[in-house]
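Only one chain is included here, represented as structure tokens and corresponding to the form predicted alone.
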């Protein structure tokens, strides 16, 4: 498949986990990639994509900083001439009982997960409107935009915000030929897996390493955790011409864990 040949795709949080899987899927389908992260290994991710034959650059970017986000999209246009698809995937999570949850944890989570999506969408829309050829925005929400989990009210709030923002923007930019959709990954094997298992396991009971997440996986009808490729396939579809009449939607990718 070569659906994205000649197109430029920006992926924030694209240096590892779900973000890297998304970037690799687009690279395999011919896209030029701009992977962004606050972490230094973003250049290693870009090298990995280039080694696969794709055009790719890595950009250090704090998605909570407007000037840094503007510079990110400037770099994308300088390198490849346009921004055709933008995937707002950068995100963080902390887990704590309400009495231990700090104001800084709340603010940091909302800044990255919600404000970061807003700033990137704002800048991507500006570039897409300028080009006059439309575009695709895909925002990473979470199963917690459907069903808030225990000990993560700030994370759930941030992801509900992504879902609402997606709907609002989809209405605003529809006549520009820009679609805006969101995805809700469920339990996916990423770098967050071990952290989530350890901290939730400690707070919920005496779980040995690996036990809690495996117990949760048993509640998934498919009886397996998701892989990055499962999420990447959905994102690639939403960015393709096949999804031109889909906008304002939030789609679960969770093996049937949440059916609403």
Ligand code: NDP
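Residue numbers count along the first chain shown, from 1. What you see is a predicted model, and the numbers here were worked out from it, not measured in a lab.
The following text describes the form predicted in complex with the named molecule, which does not appear among the structures shown.
Proximity to the named molecule in the model of the complex, defined as a heavy atom within 4.5 Å, singles out one entry of 152, 181, 114, 190, which is 190. For the options 57, 217, 38, 234, the residue carrying a heavy atom within 4.5 angstroms of the named molecule in the model of the complex is 38. Judged against the named molecule in the model of the complex with a 4.5 angstroms heavy atom cut-off, the residues 63, 92 and 186 are in contact without exception. Stretch 83-91 is the answer when you ask which of 171-179, 83-91, 98-106, 127-135 has residues with heavy atoms within 4.5 Å of the named molecule in the model of the complex. By the criterion of a heavy atom within 4.5 Å, residue 18 is counted among the residues contacting the named molecule in the model of the complex. Using a 4.5 angstroms threshold between heavy atoms, residue 166 stays clear of the named molecule in the model of the complex.
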